[in-house]
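First, one chain by itself: the form predicted on its own, in structure tokens.
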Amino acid sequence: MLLHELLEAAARRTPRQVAIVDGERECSYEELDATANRLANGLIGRGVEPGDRVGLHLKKSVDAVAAIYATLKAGAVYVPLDPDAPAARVATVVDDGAIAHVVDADLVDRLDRGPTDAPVVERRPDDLAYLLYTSGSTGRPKGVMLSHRNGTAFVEWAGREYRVGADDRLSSHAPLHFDLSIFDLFAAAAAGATLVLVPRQASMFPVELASFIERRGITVWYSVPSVLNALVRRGALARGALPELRLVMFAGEVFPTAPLRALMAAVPHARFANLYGPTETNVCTAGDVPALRRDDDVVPIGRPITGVEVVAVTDDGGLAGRGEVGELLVRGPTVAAGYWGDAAGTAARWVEFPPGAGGDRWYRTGDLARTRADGAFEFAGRRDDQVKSRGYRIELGDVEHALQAHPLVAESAVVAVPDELLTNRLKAFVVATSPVTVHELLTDLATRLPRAMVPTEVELRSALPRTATGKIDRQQLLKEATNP
């Protein structure tokens, strides 16, 4: 099945069911499908052809969701562009993806006038459906190529596993350029459920967010742990809060056990699930969170989802035994085909295992995990310098590249300091060639990087510490940042 066919099927089954709640605006499945058809016909009229990448530079809204489905109906590939990112960052993605068509709010208004008949475009499940751009260590973001099959394999599993039904009201908290949004958008359509768009204002204030969840009757919540962490710490939740909430799903970073235990105590009627998987694999392991004891200091990332294989491989190339740490490799129907326009990067990450075995390639996640006695995996850190902050995947080298683009910066190093609320906060150490202020550096960074990648702290230094081999001593910097 193709992703947009999920919407079409829901529109046939329950045309008047509310598909999306966007503030005071409600849109039925019949209306959403008709709008998507009008936009799709408009895109085709403007020259969009099957396989073209279409950039969507839109705030999350009914129109943005309709534009996603419209792009797919036109046979094209949707590429969500972060509307809050600096123009230079957006331009980099547009250039890298060879995006010839960009849809903004003005264009949606002009396109939303055509016929409501669905265009007839031949597409197959293995055709590319969407490109999601992640942080890149070379200073350029990487476009992860995901097919209709990749998306539907995950959505169909999630719908079955979490029993998503037409009576459910799913939160839509993640931005559209974040892979968590795939569940929100398409699992809702697959079940004919209602998708409730979470306004940014509510996300910024935990008490308001708690009120929003209860007032809107949300039954299924999915977000990064940092949002839930703030909710339990500052959301004034009493025991038995959020009575309609039956399922709490989280992914994207480690959820510290103390606030998770407190949240589970406040919402004892809900099922809690920890989902794991980089953008390249969507979700590849998952597990329900049992009652946490006070001495539990880690939550397992679960077992492989249906149809997906996950193994932990040691440095010597063997399978990790019980309790042994290894790098996670993943293969199966949810795994992306590679990176757009980056054959070398794809070859480095999609590998044969064991070498020479042939068959489908495995994706090297770069994540380390140990296998528990019960067969579940337990996250054990990153092999490289990629970190998570506020649920976003960030390459520290990407931030350093942006810092060093400033004409007065001689060298820089960025470390991730563990933070219970954010998972990690970024601190930058900078050596300048001439006097420059921290404010000037942060202002310049804001024009080059998304907000989540801008360090919360910058320290100016005359020199950076070095290892015996002459490299920047990042461990020393992290030690100093952690214990000032």
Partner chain sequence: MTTADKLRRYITAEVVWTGPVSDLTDDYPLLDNEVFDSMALMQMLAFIEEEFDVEIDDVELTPRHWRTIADIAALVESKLPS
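Numbering follows the first chain given and starts at 1. None of the values given here were measured: they were computed from a predicted structure.
There is another form of the same protein, the form predicted together with its partner chain; it is not shown, and what comes next is about it.
Partner proximity in the model of the complex: Ser203 to its partner chain, non-hydrogen atom cutoff 4.5 Å: Although its partner chain is absent here, Ser203 would touch it in the model of the complex, with heavy atoms inside 4.5 Å.
Proximity of Ala236 to its partner chain in the model of the complex, heavy atoms at 4.5 Å: Taking the distances in the model of the complex, the answer for Ala236 is yes, it comes within 4.5 Å of its partner chain.
Partner proximity in the model of the complex: Arg390 to its partner chain, non-hydrogen atom cutoff 4.5 Å: Within the cut-off, so yes.
Proximity of Lys59 to its partner chain in the model of the complex, heavy atoms at 4.5 Å: Output for Lys59 is yes: heavy atoms within 4.5 Å of its partner chain.
Heavy atom within 4.5 Å of its partner chain in the model of the complex - the one residue of Ser226, Ser135, Asn150, Thr219 that qualifies: The residue from Ser226, Ser135, Asn150, Thr219 that makes the contact is Ser226.
Listed residue that, although its partner chain is not shown, lies within 4.5 Å of it in the model of the complex (heavy atoms), from Val254, Ala230, Ala241, Val409: Partner contact (heavy atom, 4.5 Å) among the options: Ala230.
Interface segment, criterion being heavy atoms within 4.5 Å of its partner chain in the model of the complex, picked from 38 to 46, 421 to 429, 61 to 69, 22 to 30: Looking at the other structure, the answer is 421 to 429.
In the model of the complex: members of 241 to 274 within 4.5 Å of its partner chain, any heavy atom: Residues within 4.5 Å: none.
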